[in-house]
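What follows is a single chain, given as structure tokens, in the form predicted alone.
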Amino acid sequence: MSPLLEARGLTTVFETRAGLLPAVRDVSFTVAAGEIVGLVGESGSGKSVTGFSLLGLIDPPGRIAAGSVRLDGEELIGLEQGRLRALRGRSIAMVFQDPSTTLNPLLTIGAQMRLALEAHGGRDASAMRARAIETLSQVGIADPAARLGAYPHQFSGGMRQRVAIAIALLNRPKLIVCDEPTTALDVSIQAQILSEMRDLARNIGTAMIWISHDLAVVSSIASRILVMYAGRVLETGPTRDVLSAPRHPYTQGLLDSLPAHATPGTALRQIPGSTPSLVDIGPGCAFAPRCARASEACASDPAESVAGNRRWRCHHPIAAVA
């Protein structure tokens, strides 16, 4: 069966005063229908730009310089803007980290949901209202019929994010790109939303790309994970396998930085140094300056290694667990 989404060689660059900045470099992956794929890495690793690129939300001084993104067999790169707008919301949607970027403070929730439905052919007022109520209920909004008349400021942060997710779900898209949608929420609300999103993927069949810097969040929702650094995917595979036995030193470094992996009373094992400037990125492994396993070989670009359903790019990978 063909994947729902297939990205091949995706490269997104930005023109800056310092030079050309390659924010996403030769990224390839697939997402199957109903699958939840996690995209993790430090801030500045290219996760969000990858998500924006999939929806064609890159504006000057940025541009998609190379690659292919096919959704259900249709090429999205270079697609005419009218057709791309028609696909956004209906076939592919996005949930942003801050719901204030999604919700209009001057319109009621009901009005905003009606506009989202009308943009994709909704005409029957009663049917659109029923759809809005149904979707709000799906994301855990109590008394959804009454809340249609409320404004965003009358909701808590967690409730506003649920509304943003509901709007993304309104037209039953095949794929939702979730850009750290639970980062600003407290732990209990975060857990509720993660549970509801897992249920939606299972019950409705909507696929998701879950972007986050939080490995704990991704491990609880994604069946497969992509680890990004300096615009490239360094390791990918089933979430449980990658997090229990990482092959790339960067993935191990992320895991070592988690408090749960530290011995009580000892300092966390942090990754030394900081992420590199993408303007000055060289041809070799970008992680080499921070890597204890680096050698002269790392000055050249490592080829991708494949073992079953796992892939990684490293000259000196961590040995597989027997």
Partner chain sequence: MSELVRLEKVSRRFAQPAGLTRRLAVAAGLSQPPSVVRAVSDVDLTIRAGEALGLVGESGCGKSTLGRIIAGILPPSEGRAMLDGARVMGEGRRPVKTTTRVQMIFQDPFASLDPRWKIGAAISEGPIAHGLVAPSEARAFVVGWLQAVGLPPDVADRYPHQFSGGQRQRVAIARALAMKPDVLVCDEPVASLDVSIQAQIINLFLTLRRELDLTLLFISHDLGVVRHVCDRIAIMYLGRIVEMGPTQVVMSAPLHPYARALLDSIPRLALEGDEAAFRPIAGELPSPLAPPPGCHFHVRCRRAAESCIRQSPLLTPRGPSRSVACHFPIEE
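Numbering follows the first chain given and starts at 1. Note that the structure is a prediction, hence the values are computed from the model and not measured.
Missing here is the form predicted in complex with its partner chain; even so, the following discussion is about that form.
- Contact annotation: its partner chain lies within 4.5 Å of heavy atoms from the stretch 183-191 in the model of the complex, the single such stretch among 129-137, 203-211, 67-75, 183-191.
- The three residues 240, 243 and 290 all sit with a heavy atom within 4.5 Å of its partner chain in the model of the complex.
- Interface membership of residue 270, defined by any non-hydrogen atom within 4.5 Å of its partner chain in the model of the complex, is confirmed.
- In the model of the complex, its partner chain sits within 4.5 Å of a heavy atom belonging to residue 219.
- The closest heavy atom approach of residue 26 to its partner chain in the model of the complex falls outside 4.5 Å.
- Proximity of residue 30 to its partner chain in the model of the complex falls outside the 4.5 Å heavy atom cutoff.
- Taking its partner chain as positioned in the model of the complex, none of the residues of 62-94 brings a heavy atom within 4.5 Å of it.
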